[in-house]
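For reference, the chain that follows is the form predicted on its own, supplied as structure tokens.
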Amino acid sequence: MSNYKQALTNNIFKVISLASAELQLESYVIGGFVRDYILQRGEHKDIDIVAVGSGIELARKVSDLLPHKPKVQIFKTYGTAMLRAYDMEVEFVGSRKESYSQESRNPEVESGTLEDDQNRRDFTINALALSLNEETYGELLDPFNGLQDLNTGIIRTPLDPDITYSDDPLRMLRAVRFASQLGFRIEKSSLEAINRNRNRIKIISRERVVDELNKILLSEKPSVGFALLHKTGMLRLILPELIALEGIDEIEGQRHKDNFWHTLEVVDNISENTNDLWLRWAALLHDIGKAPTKKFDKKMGWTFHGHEFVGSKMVYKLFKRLRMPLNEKMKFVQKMVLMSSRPIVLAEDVTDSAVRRLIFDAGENIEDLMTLCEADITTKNPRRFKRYHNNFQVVRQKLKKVEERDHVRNFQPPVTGEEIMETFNIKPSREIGIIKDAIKEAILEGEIPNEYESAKEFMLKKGKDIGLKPQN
């Protein structure tokens, strides 16, 4: 039996061991901390403790023994307790057996042994436990060969996968998420069981589904997870907008690329350059408007006119359906989808006017937009790939030059509405809007510089054009 005392050097483990001895019960570290320690995946700040007895009682005893007496949060519904100590969040639960009904993933729970508790774990790699008991401190308890599965990179359930996934369908998403995060392979019988039980995913709350999607999106190579969601049939149930992009149609010898697999490439590309979850969501959804706008034109071939606008509208519906935040995060994704083709078009004809408008419309998100568009280059032709990237470098240089000169990012009009009213002695009216819009357009078109004196002179001229006289 392997000993992992080195994993338990943090003082919190010694205090839990002492508390367990005083209460005369057994305790073990189990789950993610053990898995990630063996995999050497950085520091793990969330600790799960299983007590063969009352987890709540153990948490209280641990708090009593700690010098700062941390507050114990108790969750009676789940029979768990949690406290924070030594820069760690520690959750305590009594070992238990579980039984499930067909309609819910919330189990009937009763007390059990450590073995019962390990049986109920989702995967063998999460059933590994380290003893905190004095005589066996640091010893690894591994009833399902989870250590071997860690070494060979396998996701496998401790018991019959059909039972495991049917009991708690969230585990199907967790299997995909761990495969994506760890670069592991889901064992064949387990993958087949996910296929059979995929419709059970419908009983999972949308918030929990999105939580797993976010973790997949934040993995090093998200396409691994999304390809597995596709293979198991779960993606059609969760994000049908993506599945609608799959496939290649051909008419009169003209074809288009498979926009589903292209999308996954874009997400992988952008993940090499950003950890921003919402920019990754924008990459995932940037082409969803192509399915409803796809048409064949005998002269032009396959077209997707207006897919950016349609896609940005679809983002709202998708976020609402999945109960994702309908706030600035969603608006950011919408904006990125809406503007996703602008820099690509601009790369072919980089005029100052077009660059100013792009900076004006993108505002503080211009760098995110450029990152998205560069990730959108998935051509396998080396010469095209180089040309497209070189074009974007030209656009970036132009963006920098124009912004330094014209300052149109987060544009504020040099002349205010109050000054227009005072100059022409008028009350709030549509003429004010006409003049302000004309000044903005003149600046964006390069007719006048973005400065006060030029804008004021233009204001006087425009006012005269629409029949206003300045107040002397």
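Since we're looking at a predicted model, the values are computed, not measured. Residue positions are given as counts along the sequence shown, with the first one as 1.
Another form, the form predicted together with a small molecule, is not on view; read the next lines as being about it.
- Note on contacts: among D368, D268, D122, D149, the single residue with a heavy atom within 4.5 Å of the small molecule in the model of the complex is D122.
- Checking K440, R60, R409, H44 against the small molecule in the model of the complex, a heavy atom within 4.5 Å turns up for just one residue: H44.
- Residue contact with the small molecule in the model of the complex: G31 places a heavy atom within 4.5 Å of it.
- Under a 4.5 angstroms non-hydrogen atom cutoff, the small molecule in the model of the complex lacks H307 among its neighbouring residues.
- At a distance threshold of 4.5 angstroms between non-hydrogen atoms, N126 is in contact with the small molecule in the model of the complex.
- Contact annotation: F178 falls within 4.5 Å of the small molecule in the model of the complex, judged by heavy atom distances.
- Residues of just one listed stretch (399-407, 422-430, 442-450, 44-52) have heavy atoms within 4.5 Å of the small molecule in the model of the complex: 44-52.
- Site residues D168, R174 and K215 are all in contact with the small molecule in the model of the complex, judged by any heavy atom within 4.5 Å.
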